[in-house]
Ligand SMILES: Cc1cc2nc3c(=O)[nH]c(=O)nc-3n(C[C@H](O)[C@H](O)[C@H](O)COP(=O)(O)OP(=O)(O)OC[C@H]3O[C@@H](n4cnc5c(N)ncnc54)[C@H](O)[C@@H]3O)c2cc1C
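Next comes just one chain, in structure tokens: the form predicted on its own.
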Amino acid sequence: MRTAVVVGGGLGGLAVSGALARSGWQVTVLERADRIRPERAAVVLWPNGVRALRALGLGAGLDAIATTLPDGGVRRPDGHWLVQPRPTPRERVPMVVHREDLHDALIAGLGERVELRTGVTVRTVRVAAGVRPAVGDGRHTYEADLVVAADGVDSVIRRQLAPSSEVVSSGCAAWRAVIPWYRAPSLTDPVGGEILGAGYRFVSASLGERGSSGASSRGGVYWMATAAGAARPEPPQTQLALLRRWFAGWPAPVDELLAATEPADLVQREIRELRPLPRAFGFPVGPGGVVLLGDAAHAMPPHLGQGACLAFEDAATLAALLRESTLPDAVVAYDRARRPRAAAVVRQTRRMSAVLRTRGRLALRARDAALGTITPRLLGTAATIAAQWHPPTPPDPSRRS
């Protein structure tokens, strides 16, 4: 029986663990936290992410918890439309799902071949010729045929295998929250859309329909706000007061959503990214190998909503290649498949990041004058890149000699 050690119990780590286990692997998941738990937020799944989850065998569970996300357009803080809402082809319509619901679906799909070990902080990785790869926490060594580094932007494994790839600030911070419907009684359902200001951005989306849990067992309204600058060190109460001041007077539903938000709802994160991307996402080691997955491989700003989607793509691609090839060959093929794909998405994300960080009166006037043209083209290109990914196609057995 082939064995794998997955470092990190986030969405990507759980997705690949379940996929490997369903293919007959024995998997050990190492999580440094004392328990595996999701953020109190939501995840936008673009078509590529949806396809990846279906390829991982999680389609039925996804249909039960996800809500389609109609195009809500893009506005300025004065309410002027930069991009009018427009019909979206079915194959490009994204979905939104509560992160806790998605986490529960991934946990349910693990099966008996996955062992979860919490409170384990991986500090070293062994990549020596002739022996299987391994990781260690200073007390124990965990050896396997395959090591999957799904330990996020601060990945210890990536720092040792690809030291030239550094974690840098993206120049902004993000706040997320999910608000129950009952706290925002006057909101018009569905809620959705994007508003761009001088270094600020606010995005909202409905999780299910008002009056019921809808498609999600945790219904409500999800919102995300970004602001230029570093993460705030103040307590959540002060952070919420700052958000209400920064976004005061913005078009609906911003005021009502922030008024309905409680300090305990806030999830703040400094936005960081990898520059440059690692020189490789896969490292053959003896009879096995090590691969980087998710933010450990390609952390980027959230402006195109592709972080989780790319992690699920990684998981689906790796699982498919491991079914088709010997282990060292699959590791090499994974690197060849995933690095160009991630680089293309990162380029589009950085272009959008440059647009969103625009500040200063003259720069804003130039941006707003051009944004009606730039944003549809940029978003269209990004949507095309997202929509064009499909899981690897298994070989046709009838063509084998």
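Numbering starts at 1 and follows the sequence shown. Quick caveat: nothing in here was measured; it's all calculated off a predicted structure.
Separately, the form predicted together with the named molecule exists; it is not shown, and the next lines address it.
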If we test each of 144, 114, 254, 120 for a heavy atom within 4.5 Å of the named molecule in the model of the complex, the one that passes is 120
As a check of understanding, the residue in 75, 132, 176, 210 with any heavy atom within 4.5 Å of the named molecule in the model of the complex should be identified as 176
Only one of 316 to 324, 227 to 235, 158 to 166, 299 to 307 has residues with a heavy atom within 4.5 Å of the named molecule in the model of the complex, and that stretch is 299 to 307
Even though the named molecule is not shown here, does residue 11 get within 4.5 Å of it in the model of the complex, heavy atoms only?
yes
* Using heavy atoms and a 4.5 Å limit, would one call residue 187 a contact residue for the named molecule in the model of the complex? -> no
Even though the named molecule is not shown here, does residue 275 get within 4.5 Å of it in the model of the complex, heavy atoms only?
-> no
4.5 angstroms heavy atom contact with the named molecule in the model of the complex for residue 99:
yes
*For the spot marked by 53, 332 and 341, is every residue within 4.5 Å of the named molecule in the model of the complex through some heavy atom?*
no
Across 40 to 56, the residues having a non-hydrogen atom within 4.5 Å of the named molecule in the model of the complex turn out to be 43, 44
